[in-house]
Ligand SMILES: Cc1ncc(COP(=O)(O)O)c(C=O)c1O
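This document starts with one chain, in the form predicted on its own, laid out as structure tokens.
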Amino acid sequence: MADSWSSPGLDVHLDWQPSTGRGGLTTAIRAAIREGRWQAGAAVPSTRSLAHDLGIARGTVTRVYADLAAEGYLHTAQGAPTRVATAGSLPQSAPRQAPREPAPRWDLRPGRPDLTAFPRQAWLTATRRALLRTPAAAFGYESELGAPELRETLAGYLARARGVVADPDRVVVCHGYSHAVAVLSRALHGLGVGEVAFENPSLGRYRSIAAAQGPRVVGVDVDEHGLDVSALDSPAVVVTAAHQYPTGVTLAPHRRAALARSGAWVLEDDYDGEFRFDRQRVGALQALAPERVVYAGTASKTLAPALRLAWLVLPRSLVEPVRAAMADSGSRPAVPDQLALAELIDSGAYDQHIRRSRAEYRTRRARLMAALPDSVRPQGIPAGLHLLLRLPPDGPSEATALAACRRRSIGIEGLTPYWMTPDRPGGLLVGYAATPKHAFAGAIQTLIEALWEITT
């Protein structure tokens, strides 16, 4: 049976039998490189340390390394450590990983903020202040509900900015919105909720997350007034009331009132409520029925998705079931990040960043709208980070439009995958936030060229 060997400085785990000698060692290292256990470009153990670890002569290892260097598996240089060859220079016999689809040159994918605008200095300052002020006890095993400092800050901020009825005891901090959907779905299923409705269309990944926790998932159609509440027959529903994703409509006042009176559990996904451009922002649905509506917010659009910071404001009767589901999930956002966000909000820097971003995204949306051909019909209120473009009924298909965009290396999405039922209208979801500011003009010009190609 082959032995598994390791060496200081690099985990090598060679399947090597000492009886096979130098040839066997060469084969074992070659296999480790081919299988990716010795990663491309990584420094390998020195001949002295590997020989000591394997209990063989240093000269044997030196000759093995020389053989593998001659074959192109290792790279040696005078005065520098020996390294595994880079992926592009490995011998053709070594298997290659499937190439990733290249990132688009022009990023117009929806639901993404401008990451180059992340307030690095403000975040660094907030992190430093939070760490200096926080007692050591805060870095222990924290409450399943999240850092008390952030929960208190969020309660005040959400009441002020979104009209949410909140207090710290009913706020829970989650490891991103996906985690929030999972723990709430699990908690509701534990309370006997066997079915959860989603808007049709909506993001499929969240439907899958909810279904994985036990409930059956069904769809309720969306029209120009938002979710058709009269068609809702489920004990729980997920809505994007302020700015429906992806159609961009707002849930009409009479339907908001009907939904609040429906008696269903409601998860209000307020994913981009800070970015309303042409009118007074619509307050949270949660204020109409705080003991039936769960409010969900996130820093993914205002700051960056990689922070994995989201929050729920719960009806009091759901606090303990969600706390238990959080404990079962075993997932928590990092406490230093929670404390930094609390400091960022308390200092006013968060509001300043949102105001700057709102002004920038408003300008971008206006530029996009002004450049669109007359044959393409935009849909949705002036808000958020994306625009839905309806194609002419007798014009090109969604697939044709996407192909024209791909030929120009435009990252964009179609509407079709969001539908839960077949034979629904197509369209293009254009995100105007993800592109860095300096590249936005080029991205829009390239998109307009693609649209002119297929509509004229």
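The first residue of the sequence shown is number 1, and the count goes up from there. None of the values given here were measured: they were computed from a predicted structure.
Below: the form predicted together with this ligand, not depicted.
In the model of the complex, every residue of the candidate spot (111, 206 and 271) has a heavy atom lying within 4.5 Å of this ligand. Among 300, 82, 262, 125, the residue placing a heavy atom within 4.5 Å of this ligand in the model of the complex is 300. This chain appears without its partner; in the model of the complex, the one residue of 198, 245, 106, 275 with a heavy atom within 4.5 Å of this ligand is 245.
Of the candidate stretches 301-309, 224-232, 188-196, 354-362, only 301-309 has residues whose heavy atoms lie within 4.5 Å of this ligand in the model of the complex. This ligand is not drawn, but in the model of the complex it has a heavy atom within 4.5 Å of residue 176.
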